[in-house]
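Okay, here we've got a single chain as structure tokens, the form predicted on its own, with questions on binding and movement later.
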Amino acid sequence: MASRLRFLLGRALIYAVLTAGGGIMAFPFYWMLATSVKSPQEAQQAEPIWVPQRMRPANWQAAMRLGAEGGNRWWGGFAPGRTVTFFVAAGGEGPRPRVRIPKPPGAFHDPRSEGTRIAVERVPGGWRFSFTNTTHRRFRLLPVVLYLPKSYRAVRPELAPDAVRSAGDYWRMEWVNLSPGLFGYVFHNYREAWHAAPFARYFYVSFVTAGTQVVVGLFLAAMAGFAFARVRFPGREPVFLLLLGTMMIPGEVLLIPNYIVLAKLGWLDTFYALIVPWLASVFGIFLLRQFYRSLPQDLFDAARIDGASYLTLLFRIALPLAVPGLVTFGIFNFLGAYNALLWPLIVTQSPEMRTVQVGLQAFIGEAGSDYGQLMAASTMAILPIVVGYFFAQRQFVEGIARSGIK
């Protein structure tokens, strides 16, 4: 009984330690996700905010109600002919407040405000503002500037905007950060980040670059690894040791020679510069060689007796049994190509040839960083990697486990 109790306590302790370690490792990922749904004001605060305002049930439920008034409760959208209202509390009597929708500067906002009809009416306890879309297209609400007398200082909209700032005799309410609807409100930074830069083009360049490197790199590594594992030729071991020695050379040492070669070839700012220098991988050759060596030699001997050539041995025997190793190398190769930053930054100049990692610089400028949109763009950038890993994790783990078996 005592030994059983010690066993259970030991297992509980192990699970507790692993759970705590997993929570610590996952914390940066949670912080990135939480920041991606924060307003600019929350993201800039020195005191950490663990639960963003947009994630609180009362706020996103109100956003759904507001979205239902202006279009669709889930996706929002200021539909043609629809009206959105909100209430501003104001104590005392005074002149009627003035309101206008300014044209916001920059490329992050929708400048279409000329089609909004504004109505202001006095109600008990304050004022009601109504915004009606008089155009034939759907668009979202824009920043609202309220010019209030000095006696009006109590501003309580039905759904608090992300920023209500007082400057003199007017209040500026950043309704641009409040797209109606649940997804338009909670995931506002994601939509803004997607339109802040040509991310569709960035993803296209990244996937073409990484996909080509994976396909061609797998083909070259599979053939070279098989030759070093199963084909006997003079100087095989010295050549393999020489290849392994090249792994000791830092990649930064090769930047300038590779750049000069590509400049002489006229390949700068093209897909050739992003792909060709990294097609051959010594790590891939080593990994697949170890995997081939773990396969039974009897399979290859029997096939050789039947008259099979080396190419037949590779494509009919070795490759079908080496799928975990191929998946493992493919994941590593894709990660290296997809996450590359320094090399694409050096060899590309035009926005059309930028990768996703280089495109993230669009949110960093002289005026500071928009951390909410930067984290949203970063989340979108790592999403393909996370999804791909979940689909290939079994082959990945098996490939790592078997690659070192003799």
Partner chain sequence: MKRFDPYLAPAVLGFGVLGFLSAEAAGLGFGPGVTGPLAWALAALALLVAALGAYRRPGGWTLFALIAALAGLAGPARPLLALAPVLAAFLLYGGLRHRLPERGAAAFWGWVFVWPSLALILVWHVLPGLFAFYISLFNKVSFITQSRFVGLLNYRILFHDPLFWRAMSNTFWYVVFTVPTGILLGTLVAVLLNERVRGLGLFRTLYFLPYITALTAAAAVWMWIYHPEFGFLNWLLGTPGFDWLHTPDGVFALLFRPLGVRLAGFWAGPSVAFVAIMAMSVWHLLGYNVVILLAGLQSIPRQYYEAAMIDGASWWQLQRHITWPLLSPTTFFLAIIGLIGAFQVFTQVYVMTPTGGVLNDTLTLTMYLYNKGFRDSDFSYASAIAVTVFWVILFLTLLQRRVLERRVTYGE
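Numbering follows the first chain given and starts at 1. What you see is a predicted model, and the numbers here were worked out from it, not measured in a lab.
Below, we refer to the form predicted in complex with its partner chain, which is not included among the displayed structures.
- No residue of the trio Met55, Trp75 and Pro351 has any heavy atom within 4.5 Å of its partner chain in the model of the complex.
- Ile285 is the sole member of Leu274, Ala210, Ile285, Ala193 with a non-hydrogen atom lying within 4.5 angstroms of its partner chain in the model of the complex.
- For Val205, no non-hydrogen atom is located within 4.5 Å of its partner chain in the model of the complex, even though that partner is not displayed.
- Looking at Ala337, you'd find every heavy atom of it more than 4.5 angstroms from its partner chain in the model of the complex.
- Proximity of Phe390 to its partner chain in the model of the complex falls within the 4.5 Å heavy atom cutoff.
- Mapping the unseen interface onto this chain, Tyr259 counts among the residues with a heavy atom inside 4.5 Å of its partner chain in the model of the complex.
- Comparing 260-268, 321-329, 289-297, 194-202 against its partner chain in the model of the complex, the single stretch with non-hydrogen atoms within 4.5 angstroms of it is 260-268.
- Counting a residue when any of its non-hydrogen atoms is within 4.5 Å of its partner chain in the model of the complex, the hits in 240-257 run Leu242, Leu243, Thr246, Met248, Ile249, Pro250, Gly251, Glu252, Val253, Leu254, Leu255, Ile256, Pro257.
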